[in-house]
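Next up: a single chain in structure tokens, the form predicted alone.
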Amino acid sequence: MAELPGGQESVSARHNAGLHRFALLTAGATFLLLIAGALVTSNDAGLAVPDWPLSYGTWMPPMVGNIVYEHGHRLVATSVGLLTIALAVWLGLREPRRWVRRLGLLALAAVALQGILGGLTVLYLLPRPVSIAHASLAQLFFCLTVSLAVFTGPGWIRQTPRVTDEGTPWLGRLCELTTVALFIQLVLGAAFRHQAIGVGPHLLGALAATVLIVWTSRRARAPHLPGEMRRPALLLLLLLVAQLLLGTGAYLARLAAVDSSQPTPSFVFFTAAHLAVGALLLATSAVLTLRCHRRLLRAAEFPSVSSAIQRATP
């Protein structure tokens, strides 16, 4: 029997290796799309192609200058859209769990909305609210594709024993809080990149996210917890170190490029890498959250013998 994210049993499901690999491919392509989008923003190429859905009235304009970044981003986005359509269809035909099929449809709706938002950013000359929404939805869509890869994997479908977590707060709740904080931090980062806010809120968000990541990673690496908790917890710490270094580099590169007429290579590199590692942090935290709901029980779900006796005593 397979289980829902909260531990409830669903209909029988067997591991479909081909479907799982295709879900991994879709998630990987989505990550590349995030990098392509970061390159558009970092190179100030958002309006290098002034029309949409065509590019200078054609499907393939001359790939020169910043058109390389903007139209290249559109090509990668189209590929991801096609992969998402195929994944949703495959899930609809071969996936017995209804909630996974619905998640595939949700991913399809998200990528369609993402394409519309991308078009609006061009047609309305990069309005900040739309640009920030476009960047934020991209992160949510990436988490959706990663989740589908997790749910179709053999580790999720295979029946495994659950372990009690007696810590406070429950590790699953702590992971949820960390994931939400990371998403808010990515939204603040998008707002800062599009000059809707200053750097202050983004720095405060980074501090809060850092504290939560360290706390979560320490809790998740407890010896009594399954190894599948410890591995993403360690990855969270490694990504956090990289993200702090890249964030510092991105800010210094921004200051150094203030008087430059064009984005400098160092600014483009640090900014794009900072966004990419932020996406990996969010996805890793989301995976850890899912695994907590899959494998961990709250201590309250296993009451002690003494408390049970007390409740039974008149």
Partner chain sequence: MLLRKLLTGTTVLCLVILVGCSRGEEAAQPQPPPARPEGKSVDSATAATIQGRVLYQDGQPRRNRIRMAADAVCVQQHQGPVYSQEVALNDNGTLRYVFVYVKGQALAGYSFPTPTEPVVLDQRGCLYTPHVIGAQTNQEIKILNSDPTTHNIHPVPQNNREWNTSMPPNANPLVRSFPREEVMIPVKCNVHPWMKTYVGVVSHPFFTVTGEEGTFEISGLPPGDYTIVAWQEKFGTVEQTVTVGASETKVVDFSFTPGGSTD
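Residue numbers count along the first chain shown, from 1. Note that the structure is predicted; figures quoted are calculated from it, not measured.
Not on display, but discussed next: the form predicted in complex with its partner chain.
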The one option of Val214, Leu238, Ile197, Ala112 with any heavy atom within 4.5 Å of its partner chain in the model of the complex is Ala112
Exactly one of Arg162, Arg102, Arg173, Arg218 comes within 4.5 Å of its partner chain in the model of the complex through a heavy atom, and that residue is Arg102
Is it true that Gly28, Glu166 and Thr179 each have at least one non-hydrogen atom within 4.5 Å of its partner chain in the model of the complex?
no
Per contact check vs its partner chain in the model of the complex (non-hydrogen atom within 4.5 angstroms), the hit among 153-161, 202-210, 223-231, 120-128 is 120-128
Spell out, yes or no, whether the shortest heavy atom distance between Ile35 and its partner chain in the model of the complex is within 4.5 Å.
no
- Hey, in the model of the complex, does Ile67 get a heavy atom within 4.5 angstroms of its partner chain? yes
message = Quick check on Phe269: any heavy atom within 4.5 Å of its partner chain in the model of the complex?
response = no
| message | Using a 4.5 angstroms cut-off on non-hydrogen atoms, would Ala48 count as touching its partner chain in the model of the complex? | response | yes
Across 188-206, the residues having a non-hydrogen atom within 4.5 Å of its partner chain in the model of the complex turn out to be none
